[in-house]
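Form predicted on its own, single chain, as structure tokens, below.
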């Protein structure tokens, strides 16, 4: 299916690896031009080169730490300077620590909140006026199913994701009078480098061998497997396209049936 994304300008945060890189790959395959950011310059440049060479599109890599407001502004201004506009923003950068409640330090809570929640807020706030002036735009927040389905030893991630669910709904309300669609995606556990780190921390908190913990955990999944990051990317591209032009103010869960609430 042609999603009509060719030559659209798409900003994606946290796109040097994992879900963000997979999302970038799907948009690139659709012919969109990309502005991507991450903190690790080497990984970011490598990802940009791969996307540009494989897909024949324009990719702007911007090294940015989204815990810093000046870097948020730099990411947006560099994109507008390069392309003249922003059609789509995918907020993806950020994670939260796993582990036992009593062992998570104050700075870990604070760092996760500043990067993921405030990073999404600040980046949306900087992009919003550019979309509003054109009466066109789409913002997608990559959230996580722990906001609705709390997970043992993942309290920090759950509370940030719950806040982002509320933020997504309210941002949609702000955007609707300006032609800006806003939606969210809540992936379940996904096969990325981040997952490997989580397995180590969650298994340690449970006192189990990592391989044993992961095997037991996956047996609780209806589909008995993790999501592939490209599956999240496919959903993001669809939601950003005009094929989904009547989808607004909603959060789509993609977790293979793991979340049981209605």
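Note that the structure is predicted; figures quoted are calculated from it, not measured. Numbering follows the first chain given and starts at 1.
The protein also exists as the form predicted in complex with a small molecule; that form is not presented, and the subsequent description refers to it.
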| property | result |
| --- | --- |
| Listed residue that, although the small molecule is not shown, lies within 4.5 Å of it in the predicted bound form (heavy atoms), from 26, 48, 235, 66 | 66 |
| Every residue of 10, 90 and 183 near the small molecule in the predicted bound form, heavy atom within 4.5 Å | no |
| Proximity to the small molecule in the predicted bound form (heavy atom, within 4.5 Å), stretch among 80-88, 165-173, 108-116, 131-139 | 108-116 |
| Residue 193: touches the small molecule in the predicted bound form, heavy atom cutoff 4.5 angstroms | yes |
| In the predicted bound form, residue 240 touching the small molecule (heavy atom, 4.5 Å) | no |
| Contact label in the predicted bound form: residue 38 to the small molecule, heavy atom within 4.5 Å | yes |
| Residue 253: touches the small molecule in the predicted bound form, heavy atom cutoff 4.5 angstroms | no |
